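Shown below, as structure tokens, is a lone chain in the form predicted alone; questions about how it binds or moves come after it.
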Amino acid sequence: MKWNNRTRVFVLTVMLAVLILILYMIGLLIPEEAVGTDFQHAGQPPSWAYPFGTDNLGRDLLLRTLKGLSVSMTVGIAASCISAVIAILVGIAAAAGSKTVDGAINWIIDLMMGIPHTVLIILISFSLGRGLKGLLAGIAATHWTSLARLIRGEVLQLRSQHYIVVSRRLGKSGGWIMMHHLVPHLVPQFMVGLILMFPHAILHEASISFLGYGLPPEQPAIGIILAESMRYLSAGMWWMAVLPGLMLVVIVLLIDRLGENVRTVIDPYSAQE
């Protein structure tokens, strides 16, 4: 049987999703005792016993990195979902509302896109007392703009379609048109935007925690692990920064690739390739 491009991408997408889910679940299932301190094995380089080595407190860096990735992914999932919901609500409001509402929303989007995300997240997180609450609020409040603009453009295009005009003339309500004509077209955009937003949220969580404005130091997040490693690079403990950092890059690239593949699967034109 000959597979077209869409079928091959679908199989690869399922494999990527399963791999990411496995890494996430492994991190969640690692008990706290497994990443406890063990001063007898402190500062050991990578070996068969400790593939990522150990840190200054003797903690297994591989287990701690996997657990930290699960923490970062949990924050990224929550923030991305909140941000994506904001994006679709704001995008629909801008396209379906009056010109004044549309202009005001576009002005807010331009304003937020003109401020660097990292700076804005730090300001929001700091004003809310840092920690998980401030970090979630900061990421969720800064990542919806691009998707909202995309949703707005999609709704504006759909509103001019003949079948929607006909539905209005037949007496269909705005809610009926929204559920039967607009939502089915917006769901694919929403899903792809949500997945592509996910790696950005993870990277911002790691960077803000690295700078000390995110998760508390006792939390085994990737940003915390990288921040702790900076103190020991001059002592030659390179593995404390390099290996967790590479793991973060790999998981971000995998999720980004997953989003691109989902876009290809959803795109109807890819079925003919």
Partner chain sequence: MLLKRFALYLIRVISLLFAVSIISFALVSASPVDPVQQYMMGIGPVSDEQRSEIEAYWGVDRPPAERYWSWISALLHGDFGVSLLYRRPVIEIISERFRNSLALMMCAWVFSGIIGYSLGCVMGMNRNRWQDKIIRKLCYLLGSVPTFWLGLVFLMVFAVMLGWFPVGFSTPIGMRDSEVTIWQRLHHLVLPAFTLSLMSFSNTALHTRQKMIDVMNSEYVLFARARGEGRWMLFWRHGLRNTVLPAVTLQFASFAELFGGSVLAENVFSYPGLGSAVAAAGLNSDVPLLLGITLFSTLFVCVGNMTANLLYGIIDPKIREVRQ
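No experiment lies behind these values; they were computed from the predicted model shown. Numbering follows the first chain given and starts at 1.
There is another form of this protein, the form predicted together with its partner chain, and it is not shown here; the text below is about that form.
K.L.:
In the model of the complex, which of the stretches 190-198, 111-119, 84-92, 71-79 has residues with heavy atoms within 4.5 Å of its partner chain?
P.N.:
Of the options given, it is 111-119.
K.L.:
Considering only heavy atoms, tell me if residue 252 and its partner chain come within 4.5 Å of each other in the model of the complex.
P.N.:
So residue 252 counts as contacting its partner chain.
K.L.:
Heavy atoms within 4.5 Å of its partner chain in the model of the complex: does residue 234 have any?
P.N.:
Although its partner chain is absent here, residue 234 would touch it in the model of the complex, with heavy atoms inside 4.5 Å.
K.L.:
Check residue 29 for me: does it contact its partner chain in the model of the complex (non-hydrogen atoms, 4.5 angstroms)?
P.N.:
Although its partner chain is absent here, residue 29 would stay clear of it in the model of the complex, with no heavy atoms inside 4.5 Å.
K.L.:
Can any non-hydrogen atom of residue 130 be found within 4.5 angstroms of its partner chain in the model of the complex?
P.N.:
Yes, residue 130 sits close enough to its partner chain in the model of the complex that at least one of its heavy atoms falls within 4.5 Å.
K.L.:
Counting non-hydrogen atoms within 4.5 angstroms of its partner chain in the model of the complex, say which of 147, 203, 140, 155 makes the cut.
P.N.:
Spelling it out, the residue with a heavy atom inside the cut-off is 203.
K.L.:
Which residues from 191-226 come close to its partner chain in the model of the complex, meaning a heavy atom within 4.5 Å?
P.N.:
The stretch 191-226, when checked against its partner chain in the model of the complex, contributes 203, 206, 207, 210, 211, 212, 213, 226 at the 4.5 Å heavy-atom cut-off.
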